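Okay, so here's just one chain, in structure tokens, the form predicted alone.
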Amino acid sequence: MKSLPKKNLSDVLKKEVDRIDSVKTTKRNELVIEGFVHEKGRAPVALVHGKKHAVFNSNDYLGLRHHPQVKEAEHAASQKYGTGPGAVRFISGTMDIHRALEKELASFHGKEDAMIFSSSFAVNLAVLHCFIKGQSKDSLVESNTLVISDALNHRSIIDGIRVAGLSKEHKAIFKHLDLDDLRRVLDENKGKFSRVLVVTDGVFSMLGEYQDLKKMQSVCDEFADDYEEGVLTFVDDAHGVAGFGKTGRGTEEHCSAKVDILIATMGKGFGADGGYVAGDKVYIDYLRESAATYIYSNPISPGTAGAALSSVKIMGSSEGKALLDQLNNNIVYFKEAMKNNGFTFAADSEHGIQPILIGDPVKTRELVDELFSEGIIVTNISYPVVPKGKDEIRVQISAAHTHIDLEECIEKFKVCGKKVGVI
């Protein structure tokens, strides 16, 4: 028989789940994908309840997760090293494929070194904490630090700042993409702190907008001498790398900028899994000694490392450039066709993220459901993720999408949009 305290907790948790369901922000009822079908002239389609669905909500911007060379590299690495890493790296040793991947990522970004983590969320949690507080009471790194964050940064950045336990006075937010407001915050805090961390997403995932990193770095450089330990720039470019920039090197490349600490993922454009951080060697050496989610967590599997390494090499080749060109051509075609069919975009995105503005949460959900019934998978984004009245359908375009895929998607948007009454 259950004890009363446990029953009380169960009741509290059930009420919270019911509340989430009532406001229609439920996330736990995920689609279960049973596999993929590969048809000539089409991007791989997902099987859901035995029915084929075209995928337009994936972060796989270049289609690399289905690339034969990447899958072969994953298989070969698993055959050579086994299916798992065995333990954390400082206990069980580092497999050379993990180190090869880190060197390849550092070279890809023009950084001195890089290190991989189980996820980019884990990177943000550890890296921000380490540069704010160190990792022990004896750390020499803890300092009088101010963290300045873009107002619409990803949850992993927000939580990374939270776990550092900073007081209110040590945290500041600048208006979204407003670098004049960043300048104001830096100016107002001169002489109050020894170190500043300016943290932002590269590409913002809801609208496909990007931070002007060249201007941001310039603003930070203006105040470098006003803080004893400088103003460091931290950028999470999870959606930018391998999907943005002339050669896929992300928002840094698109803006002709270099930041101090670059955080990204192998689980989106690279088509594999895991996160990483790249920067000066002294930064990476320090993180290897201090980052809890690196030291005390297993790395990605050898197979995943092999797949990611293959993807990074593809990105550095002529094939990678061709995939990026195809992605950009698909984006231009999709935007023009959707506008011609009466749809409005929530932002003018140059990225694979293309946000279709609907403006009403009920109609947004209805349109997503209608599209799903017609074999198209897209994602609805509503309040509180976006402001009220800015409800959208986030379509994500991939280089893997063919003209047939795009035409089918656009036509079904038109038919379903008229049925729901949004065009």
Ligand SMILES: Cc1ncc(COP(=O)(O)O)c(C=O)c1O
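Quantities reported herein were computed from a predicted structural model and do not represent experimental measurements. Start at 1 and count along the sequence shown; that's the residue number.
Only in words, not in the display: the form predicted in complex with the named molecule, which the text now covers.
Undergrad: Quick one: of Ser290, Ser119, Thr233, Asn330, which gets a non-hydrogen atom within 4.5 angstroms of the named molecule in the predicted complex?
TA: In short, Ser119.
Undergrad: Identify which of Arg89, Lys335, His154, His129 has a heavy atom within 4.5 Å of the named molecule in the predicted complex; exactly one of them does.
TA: The option sitting close enough to the partner is His154.
Undergrad: Would you check, heavy atoms only and a 4.5 Å threshold, whether Glu252 touches the named molecule in the predicted complex?
TA: No - in the predicted complex, heavy atoms of Glu252 and the named molecule never come within 4.5 Å of each other.
Undergrad: Given that the named molecule is not shown alongside this chain, does Asp201 nevertheless sit within 4.5 Å of it in the predicted complex, heavy atom to heavy atom?
TA: Taking the distances in the predicted complex, the answer for Asp201 is yes, it comes within 4.5 Å of the named molecule.
Undergrad: Contact between His239 and the named molecule in the predicted complex at 4.5 Å, heavy atoms?
TA: His239: yes, in contact with the named molecule in the predicted complex.
Undergrad: May I ask you to state whether Gly274 is within 4.5 Å of the named molecule in the predicted complex, using heavy atom distances?
TA: Although the named molecule is absent here, Gly274 would touch it in the predicted complex, with heavy atoms inside 4.5 Å.
Undergrad: Where does the named molecule sit in the predicted complex: which of 184-192, 169-177, 97-105, 260-268, heavy atoms within 4.5 Å?
TA: Of the options, only 260-268 has residues within 4.5 Å of the partner.
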